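To begin, one chain is listed below as structure tokens, in the form predicted on its own.
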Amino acid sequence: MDNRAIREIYEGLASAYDWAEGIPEALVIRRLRRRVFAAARGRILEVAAGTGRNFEILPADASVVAVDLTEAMLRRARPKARRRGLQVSFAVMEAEALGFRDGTFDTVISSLSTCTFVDPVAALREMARVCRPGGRILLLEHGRSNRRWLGRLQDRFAETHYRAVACRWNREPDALVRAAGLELVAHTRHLLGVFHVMEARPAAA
């Protein structure tokens, strides 16, 4: 599946996305968002910003650039930024080809997105490229459970799930971060080992 096909899927899902994610958001994801993204500082880039779920957590005085593959998702993010009073610039952009100069941002954040990127390693390398030396890359991801029974269940239905919502739920996000050459500073797993909270930074030159 390429970015064009994924864009079409999320154009269709956008109107119901927040509703569909409501239960997992309330049970665990909101808490994990706060754990990782409250540390964002300076000029912030959010990659795959979706409907703007993270805006409520970012510092009120932050300067934020939010990019996503899908304009329909960003249309739902804009009101959240206005309600919070955040200064946010929006752009439709592929994660694998970010249109910013090297070292532009102090913090790069992304949530629940490596499962959807066509080339997650390339996307993570782009996040590192646009993050300043010594900056922070903060990630909340989900992937294959480290519980054997659940991991096998995810594997069994991985292709069906991917065709439906363009999400490969059995990827290994921490392995992707390392494969992209980022330095993984901190990493914890949550809820049967499915959710990953990670802090990374660009590798030293």
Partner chain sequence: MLDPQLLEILVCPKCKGELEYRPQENELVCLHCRLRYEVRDDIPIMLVDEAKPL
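Residue numbers count along the first chain shown, from 1. Keep in mind that what you see is a predicted model, and the values were worked out from it rather than measured.
The same protein also exists as the form predicted together with its partner chain; that form is not shown, yet it is the one meant from here on.
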Does every residue of 35, 51 and 132 put a non-hydrogen atom within 4.5 angstroms of its partner chain in the model of the complex? no
Examine residue 117 and determine whether its closest non-hydrogen atom to its partner chain in the model of the complex is within 4.5 angstroms. no
In the model of the complex, does residue 93 have a heavy atom within 4.5 Å of its partner chain? yes
Is residue 69 close to its partner chain in the model of the complex, meaning a heavy atom pair under 4.5 Å apart or at it? yes
Is residue 201 near its partner chain? Define near as a heavy atom within 4.5 Å, in the model of the complex. no
Hey, which residues along 159-174 are within 4.5 angstroms of its partner chain in the model of the complex, non-hydrogen atoms only? none
